[in-house]
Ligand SMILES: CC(C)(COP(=O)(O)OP(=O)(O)OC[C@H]1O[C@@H](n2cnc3c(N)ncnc32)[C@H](O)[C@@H]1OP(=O)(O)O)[C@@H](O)C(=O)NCCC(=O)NCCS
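One chain comes next, on its own, written out as structure tokens in the form predicted alone.
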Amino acid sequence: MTGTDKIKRKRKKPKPLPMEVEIRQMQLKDLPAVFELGQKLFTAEDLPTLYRCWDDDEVMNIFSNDAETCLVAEVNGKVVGFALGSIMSKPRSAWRYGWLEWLGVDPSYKRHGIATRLVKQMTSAFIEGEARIMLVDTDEDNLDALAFFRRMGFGQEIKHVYLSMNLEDHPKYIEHKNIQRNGKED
């Protein structure tokens, strides 16, 4: 084998699921299960940026505003995956964008095509909603997600810099906390 030959890693094929996977539109009763699964997937250790954004209000807001682009994957009555999206329109523009905001599959159900089916059904929902472009974003270190989205046909990658500032050291924050603690301004 020469240095230019690629070594392909063989992945074990997952065992077939013992039951059918249903992809369907999310319902109000699914919110707790979707939130709980997201809590399991988007951890501070593995995905700190996503962890900061994932909360029950996020899930509820997306569902409340764009229920037609919120999907779940269900096996035997259990939510094992989800895709949450929204359609955005810009004023004075004919373009509508479908944004796949959250995608997750329970680790014990990965490599069974569930994420692929969720993205394909979301794509159809965006097309029905007259979106012309579909967007997705992920952390640049999330190599599995990047490889998956590339396989699904996403491209035109644009690097985006995410910055943060801890406000606890800011003088205004400290002043505000002192006022709250003392119950009055000094």
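Everything quoted here is computed from the prediction, not taken from an experiment. The first residue of the sequence shown is number 1, and the count goes up from there.
Just so you know, the form predicted in complex with this ligand exists too; it's not on screen, but the next bit is about it.
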| query | finding |
| --- | --- |
| Stretch in contact in the predicted complex with this ligand, which is absent here, among 34-42, 126-134, 153-161, 64-72 (heavy atoms within 4.5 Å) | 34-42 |
| is_contact(residue 87, this ligand) in the predicted complex, heavy atom dist at most 4.5 Å | no |
| 4.5 Å heavy atom contact, residue 28 to this ligand in the predicted complex | no |
| Close approach of residue 59 to this ligand in the predicted complex, 4.5 Å, heavy atom | no |
| Residue 83 within 4.5 Å of this ligand in the predicted complex, heavy atoms | no |
